[in-house]
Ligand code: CIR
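Shown here is one chain on its own, the form predicted alone, set out as structure tokens.
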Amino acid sequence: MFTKAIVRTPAPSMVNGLTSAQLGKPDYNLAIKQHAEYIKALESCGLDVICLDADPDFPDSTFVEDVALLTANSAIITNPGALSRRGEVKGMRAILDDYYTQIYAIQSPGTLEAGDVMMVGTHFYIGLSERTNRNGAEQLIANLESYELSGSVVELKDVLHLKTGVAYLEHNNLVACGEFLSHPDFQEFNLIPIDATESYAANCIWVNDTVLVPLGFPKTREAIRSVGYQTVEIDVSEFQKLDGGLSCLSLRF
């Protein structure tokens, strides 16, 4: 169960954030409203939300998930594969000092963005992508093993991050779409297939037995409800324009 979440208010510079989505520039004022609703949803699931100030120097800094991985034992500061995001880690390190005594950092030439890391119990799946390389994954696995945790790599083909296409909902239930539906690493799970027309909604998040799903994807919502979860829908259209999803917007611990 989670008790806290860290989020960061979007900065006006988010309209210049990294994207391949081709959905146009975000509406900043609407993004602020959507972010506030996201915070309310986390709070409704019982989380104490720590909201960090906007950082105009880093357009993508509202996507806090990518710059740190939080486990029960330690915090790992990442080394983002996107060069424009590497400066974000300094501010996150200062925040995590308030919550963790054991903090580690991925070192170059390793790169790691935590959008590529999915925790399943004591095991962590790590996607190898344009943003996360094998050296970074191996550094993370070494850290995990020092706490009797484990990790393994997953070669990605079509998605930006591992959690773009797969989400663990606890209780052996795994939302998956595209390349992950037949991936051998995930056949032990109860797969909840996501229709290709709603692939964006594969990025959903389990928060204390409630699943947050993006608004506007009814097939995904019903598929998740059909296995017994309560769902909360959140409009994140302006973050979708920056290739960002629900998991990207918070660090839950």
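Source: prediction; values computed, not measured. Start at 1 and count along the sequence shown; that's the residue number.
Beyond what is shown, the protein has a form predicted in complex with ligand CIR; the following relates to that form.
Asker: Counting only non-hydrogen atoms, choose the one of 36-44, 23-31, 49-57, 62-70 that falls within 4.5 Å of ligand CIR in the predicted complex.
Answerer: The contacting stretch is 62-70.
Asker: Name the residue from 96, 169, 154, 160 that puts a heavy atom within 4.5 Å of ligand CIR in the predicted complex.
Answerer: For this set of options, the contacting one is 160.
Asker: Does ligand CIR, in the predicted complex, lie within 4.5 angstroms of each residue among 174, 213 and 225, using heavy atoms as the measure?
Answerer: Zero of three within 4.5 Å in the predicted complex.
Asker: Do residue 233 and ligand CIR come within 4.5 Å of each other in the predicted complex, heavy atoms counted?
Answerer: Result no; residue 233 lies far from ligand CIR in the predicted complex.
Asker: Tell me, yes or no, whether residue 85 is in contact with ligand CIR in the predicted complex, where a contact means a heavy atom of each within 4.5 Å.
Answerer: Flag for residue 85 set to yes.
Asker: With heavy atoms only and a cut-off of 4.5 Å, decide whether residue 248 touches ligand CIR in the predicted complex.
Answerer: Residue 248: yes, in contact with ligand CIR in the predicted complex.
Asker: With ligand CIR taken in the predicted complex, which residues across 125-150 come within 4.5 angstroms through any non-hydrogen atom?
Answerer: Only a single residue, 131, comes within 4.5 Å of the partner.
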